[in-house]
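What follows is a single chain, given as structure tokens, in the form predicted alone.
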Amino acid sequence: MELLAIAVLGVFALGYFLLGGADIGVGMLLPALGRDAHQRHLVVTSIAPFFLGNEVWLVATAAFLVGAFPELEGRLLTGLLPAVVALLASWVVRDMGLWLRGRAEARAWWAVCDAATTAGSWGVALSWGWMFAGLLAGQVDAVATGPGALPAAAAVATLFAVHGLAFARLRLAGTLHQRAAALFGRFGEWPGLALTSGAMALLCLAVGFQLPLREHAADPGTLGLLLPAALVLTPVLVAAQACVWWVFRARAEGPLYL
């Protein structure tokens, strides 16, 4: 039962980092992809239908971690508190930038919101990098502070950006698509996304193998209640996500609601 709980947690976490990692990466590259307010609006449109649904995977991951691995969740939250606070603050700033951009018709307002989206996206990616830097070294009870912490965090953030760039090539059209393609290189669109997705998955698996999950699983009675609910919820999440992706499968060629 512990192994099934670990597998469910892994599915939720991979769902977030593969899908959410792509829209975070696009946000990080917003100024590089969009050179004026209209182009940046199109870049935001490329992730607008997806980012909220992608965040549901993070909520599911956190909720399942609390229920199925409560002791480990307590250790992680306490030990990684500075990085968790940075992550949540960056998340709020990023989402404010995305949600509030279309609330006013003024270039100064758009510039402020675009800056919030970009800074918040970098903050989210670097916060994950900071957490992963310690977790990859088996350090669960404290954030990494050694000389390797900053390069490791930067490397993880770079992976987020490259993954976002691969996603942007699939979603953008015209000049923006050509710009994203030039930045990514000659690798094919879908193979490129598969490559960055594979790298992101390997990173998540490497972190997961360092976590003492099996030793900190909840008692069989608790898992017996949680696992059936999770196994019912997961296909619903996947179906809802697939539906959204199918509806918005076309490239972003015009502004959307954000």
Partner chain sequence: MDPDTLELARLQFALTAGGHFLFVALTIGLATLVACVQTAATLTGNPVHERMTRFWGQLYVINYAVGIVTGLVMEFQFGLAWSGLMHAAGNVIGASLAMEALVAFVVEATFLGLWIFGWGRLNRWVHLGLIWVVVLTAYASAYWILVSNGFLQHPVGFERSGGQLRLTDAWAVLTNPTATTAFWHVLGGSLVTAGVFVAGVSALHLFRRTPEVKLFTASLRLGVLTALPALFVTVVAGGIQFSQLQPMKAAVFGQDDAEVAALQAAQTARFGPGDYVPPDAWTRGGAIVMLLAFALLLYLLLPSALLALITPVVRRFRLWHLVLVAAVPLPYVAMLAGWVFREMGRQPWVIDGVLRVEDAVSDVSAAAMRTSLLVFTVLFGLLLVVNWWLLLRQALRGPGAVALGRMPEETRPLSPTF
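All of these numbers come straight from a predicted model, not from anything done at the bench. Residue numbers count along the first chain shown, from 1.
Keep in mind that the form predicted in complex with the partner chain is missing from the display, and what follows is about it.
>> Can you pick out, from Ala142, Ala182, Ala111, Val85, the residue that has a heavy atom within 4.5 Å of the partner chain in the predicted complex?
In response: It is Val85 that has a heavy atom within 4.5 Å of the partner.
>> Can you work out which of Ala119, Met96, Ala137, Ala152 has a heavy atom no more than 4.5 Å from the partner chain in the predicted complex?
In response: Filtering the options by heavy-atom distance leaves Met96.
>> Partner absent here, but in the predicted complex, which of 143-151, 119-127, 76-84, 157-165 has residues with a heavy atom within 4.5 Å of the partner chain?
In response: Only one stretch passes the 4.5 Å heavy-atom test: 76-84.
> Quick one: in the predicted complex, does every one of Leu4, Val43 and Cys204 get a heavy atom within 4.5 Å of the partner chain?
Replying inline: Heavy-atom distance to the partner chain in the predicted complex: none of the three under 4.5 Å.
>> Please determine whether Arg107 contacts the partner chain in the predicted complex, using a 4.5 Å cut-off between heavy atoms.
In response: Because no heavy atom of Arg107 falls inside 4.5 Å of the partner chain in the predicted complex, the answer is no.
> For Ala115, is any heavy atom within 4.5 Å of the partner chain in the predicted complex, or not?
Replying inline: Result no; Ala115 lies far from the partner chain in the predicted complex.
> Does the partner chain come within 4.5 Å of any heavy atom of Tyr16 in the predicted complex?
Replying inline: Output for Tyr16 is no: heavy atoms all beyond 4.5 Å of the partner chain.
> Do Ala194 and the partner chain come within 4.5 Å of each other in the predicted complex, heavy atoms counted?
Replying inline: Close contact is absent here: in the predicted complex, Ala194 is far from the partner chain, nothing within 4.5 Å, heavy atoms only.
> Which residues, if any, of 143-180 lie within 4.5 Å of the partner chain in the predicted complex when only heavy atoms count?
Replying inline: Contacting residues: Leu170, Arg171.
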